[in-house]
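First, one chain by itself in structure tokens, the form predicted on its own.
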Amino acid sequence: MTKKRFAKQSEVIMTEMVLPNDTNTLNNLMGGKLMHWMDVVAAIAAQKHSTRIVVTASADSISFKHPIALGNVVTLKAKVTRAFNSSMEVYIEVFAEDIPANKKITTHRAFFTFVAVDQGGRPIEVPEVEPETEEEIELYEGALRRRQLRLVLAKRMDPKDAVELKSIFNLDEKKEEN
């Protein structure tokens, strides 16, 4: 499959309101509920890019920097940053808005990886991503490093083969110095 698709074609914006059933005992959104919403919005973005069934392969670290309060409106934005054979990296941004107080903050950012599959659940090729904006290009260029890091941490790639990671740590240069 050689067809390319623009990153913006996969963009999805999802909005939810934090209701009492979504909260913990401190009246803040439960982390698991937020992760569920992030998985859903990212899966839709991956489906839009690939036009295939997708499954979640990984979710990078999600740190909870700001609590999201009961009654806040949560906006999740997702888009595919880069595609590899059958997998796609999806960038997610989460915003919490307290409408009566006129306050909106960015609460979370994360990268999820999805794999496109056929009806039998076997991985299937996906279109390449064509970044256009400065942000899309930056996310696209960093995706290979993030992918190699994920594979090394999952013990699916030998660190010696992670060429992109070597370049940011100057591992080859340090070896030559010793």
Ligand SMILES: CC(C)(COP(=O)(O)OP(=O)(O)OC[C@H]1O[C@@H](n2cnc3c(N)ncnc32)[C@H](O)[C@@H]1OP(=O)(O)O)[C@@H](O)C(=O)NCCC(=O)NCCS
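Numbers for residues come from their place in the sequence shown, where the first is 1. Computed from a prediction, not measured in an experiment: that's the story for all the values here.
Keep in mind that the form predicted together with the named molecule is missing from the display, and what follows is about it.
Of the candidate stretches 135-143, 65-73, 52-60, 26-34, only 52-60 has residues whose heavy atoms lie within 4.5 Å of the named molecule in the model of the complex. Taking the partner from elsewhere, residue 113 is found to have a heavy atom lying within 4.5 Å of the named molecule in the model of the complex. Although the partner is absent here, residue 86 is a contact residue: one of its heavy atoms lies within 4.5 angstroms of the named molecule in the model of the complex. Taking the partner from elsewhere, residue 156 is found to have a heavy atom lying within 4.5 Å of the named molecule in the model of the complex. Although the partner is absent from this view, residue 40 stays clear of the named molecule in the model of the complex, with no non-hydrogen atom inside 4.5 angstroms.
Contact annotation for 138-155: residues with any non-hydrogen atom within 4.5 angstroms of the named molecule in the model of the complex are 147, 150, 151, 154, listed in sequence order.
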